[in-house]
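The chain below stands alone, shown as structure tokens; this is the form predicted on its own.
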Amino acid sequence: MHINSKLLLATALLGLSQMTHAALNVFACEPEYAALVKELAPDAKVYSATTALQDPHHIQARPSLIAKMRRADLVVCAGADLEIGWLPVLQMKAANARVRDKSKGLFFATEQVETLDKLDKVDRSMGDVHEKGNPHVHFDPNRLLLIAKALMKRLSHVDPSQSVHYHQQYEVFEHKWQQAITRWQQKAIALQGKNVIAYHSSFRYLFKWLQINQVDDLEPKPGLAPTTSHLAQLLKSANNQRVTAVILTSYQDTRGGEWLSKRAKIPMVVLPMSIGGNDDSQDLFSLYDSVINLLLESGQ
């Protein structure tokens, strides 16, 4: 009986130890934030609700996503209403109190940095715009580093037993990322001052960082597909403004871009919007490498 008591105590302590070191469950709305979590918390169980081949504006709140959110310790999303059409539904149906509070288990990347293109007010006539600013902040490497630091602090808050580990991981990531920024900027000097026409404002931050000018948009209004009359106007714009490429993301319809590319005799470039948007984009570093390589290879 004495031996059995010791065995039970040892088993209980082992179980407690395993519970203490149980991997954090993280639900990411987009693959870029799943990748960022893996940089800071490589032992975490990370699930991405979307892929780079899906438009994160328009996702169905599927039962499988509800189940994943129900088990999550932390939810990491772009924010700025990018997921307004589906994230609130998931939160309601998952009924997970841990991921409802923005000071605890709910983390919005855009709330950690200054966003571009904020609007005082919006209405339906303006199309698919974001009052809180452009949500695609992951394509500004300096903003992404600020987001990484804030995320490290949030991970430490949610999982304090691993706080030292998260700080160490952040320091490693910061060092590597700063070196990569310097390398990317040197490599992309040839892109400065180039004029492009792009689909939506998906690469607003990337273009600003690399000093590329988006002189027009394939969408007549945000969220609307290119029309025949709009494409005809863009053709004139492409000729008059010395546009050098048409830029799309990995999930956008290519037909309008192909039409314009053919008639303006400029290349159409499909850039990965996130991790997995093409074969080369396997993590945040290779995503940036791939985007810059594709722009340079297009003769930008």
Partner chain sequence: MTAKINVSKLGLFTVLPIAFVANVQAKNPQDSGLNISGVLNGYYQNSEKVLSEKAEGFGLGETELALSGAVDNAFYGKLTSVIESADGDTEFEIEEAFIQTQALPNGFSVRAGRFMSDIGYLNNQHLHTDAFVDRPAAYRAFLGSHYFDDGVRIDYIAPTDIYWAIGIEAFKGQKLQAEELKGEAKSVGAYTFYNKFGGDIGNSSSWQLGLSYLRNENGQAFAAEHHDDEADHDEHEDHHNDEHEGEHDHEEQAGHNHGASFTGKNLFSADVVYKWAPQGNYKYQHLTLSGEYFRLTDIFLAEEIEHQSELDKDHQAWYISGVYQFSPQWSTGVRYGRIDTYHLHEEVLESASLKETELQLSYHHSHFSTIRLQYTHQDGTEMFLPTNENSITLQFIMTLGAHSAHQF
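This structure is a prediction, so every number in the text was calculated from the model and none was measured. Positions refer to the first chain, counted from 1.
Below: the form predicted in complex with the partner chain, not depicted.
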item: One stretch from 173-181, 190-198, 159-167, 115-123 that, in the predicted bound form, holds residues within 4.5 Å of the partner chain by heavy atom; value: 115-123
item: Contact test in the predicted bound form: residue 85 vs the partner chain, heavy atoms, 4.5 Å; value: yes
item: Contact flag, residue 243 vs the partner chain in the predicted bound form, heavy atom cut 4.5 Å; value: no
item: Partner contact for residue 217 in the predicted bound form: the partner chain, 4.5 angstroms, heavy atom; value: no
item: Non-hydrogen atom contact residue 239 with the partner chain in the predicted bound form at 4.5 angstroms; value: no
item: Contact residue in the predicted bound form, chosen from 94, 144, 77, 206 - any heavy atom within 4.5 Å of the partner chain; value: 94
item: Complete contact of 38, 134 and 153 with the partner chain in the predicted bound form (any heavy atom, 4.5 Å); value: no
item: Any residue of 214-229 that, in the predicted bound form, places a heavy atom within 4.5 Å of the partner chain; value: 219, 223, 224, 225
